[in-house]
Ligand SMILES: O=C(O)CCC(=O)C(=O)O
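As a starting point, one isolated chain is supplied in structure tokens, in the form predicted on its own.
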């Protein structure tokens, strides 16, 4: 997972942009996405720190009649647990402040996923463990590293959509998105480098 310095952008220090510049896309009458390309700039050093210092772990899960490796590495930061880089703390605070009126509570946890190459992926799912099964909520995802597609499709069937997420891009899934839509990061045969997905959630949602 070699990472060339300044491969993605030329900004000298990590900086967060203005969240008010995000564009809202309505998936249907009750589910939406906020998209903000390049929210985090100068984030090469942040990515390098996460790749090097996060205690990544692998998981195995039962699928049908066998136990298989989860095709990505994981690390979950619970409420009040220090985050692995100051910029992630800034991200969480900015998101909590910006969405305070609409969300009604702060983002408190951070789930990190490391997609090492195009063979790593996440299958169709919604963040419906806990309150997300019954209540509308928001999940904010910041992507660092190589570009990958976030695919979305209605849970009850229908055409899928894809959003390309590049280095420093932000997507916020809101409204009924977790309950009524599924999302995935598909495998790709393209030659891609590592990508870290940072998912900020409210209390009681996984």
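Keep in mind it's a predicted model, so treat the numbers as computed, not measured. Positions refer to the first chain, counted from 1.
Separately, the form predicted together with the ligand exists; it is not shown, and the next lines address it.
J.: Counting only heavy atoms and a 4.5 Å cutoff, which of 155 to 163, 177 to 185, 49 to 57, 34 to 42 contacts the ligand in the predicted bound form?
T.: Only one stretch passes the 4.5 Å heavy-atom test: 177 to 185.
J.: With a 4.5 Å heavy atom cut-off, would you call residue 138 a contact of the ligand in the predicted bound form?
T.: Output for residue 138 is no: heavy atoms all beyond 4.5 Å of the ligand.
J.: Does residue 125 reach the ligand in the predicted bound form if we count a contact as any heavy atom within 4.5 Å?
T.: It does: once the ligand is placed as it appears in the predicted bound form, residue 125 has a heavy atom within 4.5 Å of it.
J.: Quick check on residue 113: any heavy atom within 4.5 Å of the ligand in the predicted bound form?
T.: Yes, residue 113 lies within 4.5 Å of the ligand in the predicted bound form.
J.: Using the partner position in the predicted bound form, report whether residue 131 sits within 4.5 Å of the ligand, counting heavy atoms only.
T.: Outside the cut-off, so no.
J.: Each of 15, 18 and 92 near the ligand in the predicted bound form, meaning some heavy atom within 4.5 Å?
T.: So, no: the whole triplet misses the ligand.
J.: Could you pull out the residues of 167 to 206 that have any heavy atom within 4.5 Å of the ligand in the predicted bound form?
T.: Going through 167 to 206 in order - heavy atoms within 4.5 Å of the ligand in the predicted bound form - the hits are 183, 185, 195, 197, 199, 201.
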